[in-house]
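Taking the form predicted alone, here's one chain by itself in structure tokens.
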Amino acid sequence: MDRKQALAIVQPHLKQSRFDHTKRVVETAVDLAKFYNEDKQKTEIAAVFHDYAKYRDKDEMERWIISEYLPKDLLHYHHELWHGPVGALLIKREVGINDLSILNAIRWHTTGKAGMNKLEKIIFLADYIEPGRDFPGVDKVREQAKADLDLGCWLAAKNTIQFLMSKNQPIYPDTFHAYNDLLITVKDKWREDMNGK
């Protein structure tokens, strides 16, 4: 499946603004894949399908979480988190994509997790820094994205946690695990950045 075919499958499932976001994520992810020597085709497919379930009915997503192997604790967190894990499941069932590396990159693109591989990090980061995003801290993450993939992901996780805390929102544990895991990876090399200098 090429990018054009994949986009044609995804487009009916998304609002126009989200489809435009998806196309920007694809471009950003492919750029990062080239820079970090990751498989371009897998990156492209994961990026195209990352928001496949974004607008699925909340009750439908809840049913999938309850009836399938997905973590039941998702139900205790905002439904915005559900579209990654549910999307990975539905892409396998409805589109026939069985590549676990692609499915996992889609599954974890919102929360992150400890031990992310390179493809998972690229999709996580591309979704955060695509050119249409405009919020405090995103420019610093963009600067770091092509300097150090781990640092870029760590900053994205850090900003996400700080934002959710400022809104008194619950934070999914895997986001903390991603933050901690990435912190261990980058702490010695990037002490100055961690201190906000």
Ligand code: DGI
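Predicted model, so just to flag it, every value in this text is computed and none were measured. We number the residues from 1 along the sequence you see.
The same protein also exists as the form predicted in complex with 2'-deoxyguanosine-5'-diphosphate (DGI); that form is not shown, yet it is the one meant from here on.
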item: Candidate site Glu80, Asp127 and Pro170: all three near 2'-deoxyguanosine-5'-diphosphate (DGI) in the predicted bound form by heavy atom within 4.5 Å; value: yes
item: 4.5 Å heavy atom contact, Asn104 and 2'-deoxyguanosine-5'-diphosphate (DGI) in the predicted bound form; value: no
item: 4.5 Å heavy atom contact, Leu164 to 2'-deoxyguanosine-5'-diphosphate (DGI) in the predicted bound form; value: yes
item: Close approach of Arg24 to 2'-deoxyguanosine-5'-diphosphate (DGI) in the predicted bound form, 4.5 Å, heavy atom; value: no
item: 2'-deoxyguanosine-5'-diphosphate (DGI) contact at Glu44 in the predicted bound form, heavy atom, 4.5 Å; value: no
item: Heavy atom within 4.5 Å of 2'-deoxyguanosine-5'-diphosphate (DGI) in the predicted bound form - the one residue of Arg56, Arg133, Lys158, Arg142 that qualifies; value: Arg133
item: Location of 2'-deoxyguanosine-5'-diphosphate (DGI) contact in the predicted bound form, chosen stretch of 32 to 40, 64 to 72, 47 to 55, 147 to 155 [non-hydrogen atom, 4.5 Å]; value: 47 to 55
item: Residues within stretch 24 to 38 having a non-hydrogen atom within 4.5 Å of 2'-deoxyguanosine-5'-diphosphate (DGI) in the predicted bound form; value: none
